[in-house]
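Below you will find one chain, with nothing else, as structure tokens; this is the form predicted on its own, and questions on how it binds or moves follow later.
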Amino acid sequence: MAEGLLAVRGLSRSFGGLQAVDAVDLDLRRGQLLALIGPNGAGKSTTVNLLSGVLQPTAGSVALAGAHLTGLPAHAVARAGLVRTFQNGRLFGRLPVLENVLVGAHARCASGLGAVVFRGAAFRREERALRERAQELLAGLGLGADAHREVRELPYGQQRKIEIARALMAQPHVLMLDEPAAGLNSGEVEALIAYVHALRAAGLSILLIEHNMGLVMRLADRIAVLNFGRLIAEGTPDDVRNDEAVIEAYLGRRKPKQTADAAH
């Protein structure tokens, strides 16, 4: 397996006697969208937490563009360029939308503490540039008119978009989208698909963790499938769709073989 922008080798995590993630290998190339799927309890959330530094692995390694991230805390992983959204939104409900998005720039902010305290010219220039960038991201997501509204005033689907904008403010090399379609209606899902297509077309590498299989099949270049913490399949959407181990994991049975009688 050729190493990509994100290279994960032998990633493992146990909790007492439970092996939640077991020797997982993943590769994500530049400009590619890799989907990580699996039944409930497959280990997807634990894997994302390991990749983002929320949890530390029992064994294995994570590297981004050749730089090893294994063992780094979450803020250092984000600063290195591996940035995530969360399955359950973590926005500040009483703050305006724009301020929530600007929080995402913290990991990349160049100004030191002194510049922030004394609001020097360099800090003011950086602040203006960041605000312009945040406004552009919100406009791209159809939220430009909502920039100064409190987040709690917006419907859930709009809040999911704010989370994506906040993550993009960190200028990630790899964006991990954790269940971005959760709670969205069909129209919002279509808008999300179009936006993710545009991000990938712009060259962003994306790791998508998602239950919506229709969305996954339409977006993914490759799909990795977890079951009971182990990687059971990896390949193109067509490869995975027809993989018997995947069918068994999701349906609890193997795909029945067509007989000559059944064909008539």
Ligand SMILES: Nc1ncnc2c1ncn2[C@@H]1O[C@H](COP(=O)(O)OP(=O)(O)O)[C@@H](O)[C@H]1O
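Quick note: we count residues from 1 along the sequence shown, nothing fancier. These numbers were taken from a predicted model, which means no experiment stands behind them.
Form predicted in complex with the named molecule: not shown, discussed below.
Contact with the named molecule in the predicted bound form, judged as any non-hydrogen atom within 4.5 angstroms, is confined among 214-222, 231-239, 64-72, 33-41 to 33-41.
Contact between residue 18 and the named molecule in the predicted bound form is found at the 4.5 Å heavy atom cutoff. With a 4.5 Å cutoff on heavy atoms, residue 58 does not count as touching the named molecule in the predicted bound form; it lies far away. In the predicted bound form, the named molecule lies farther than 4.5 Å from every heavy atom of residue 205. Not displayed here, the named molecule is approached by residue 46 to within 4.5 Å at the level of heavy atoms in the predicted bound form.
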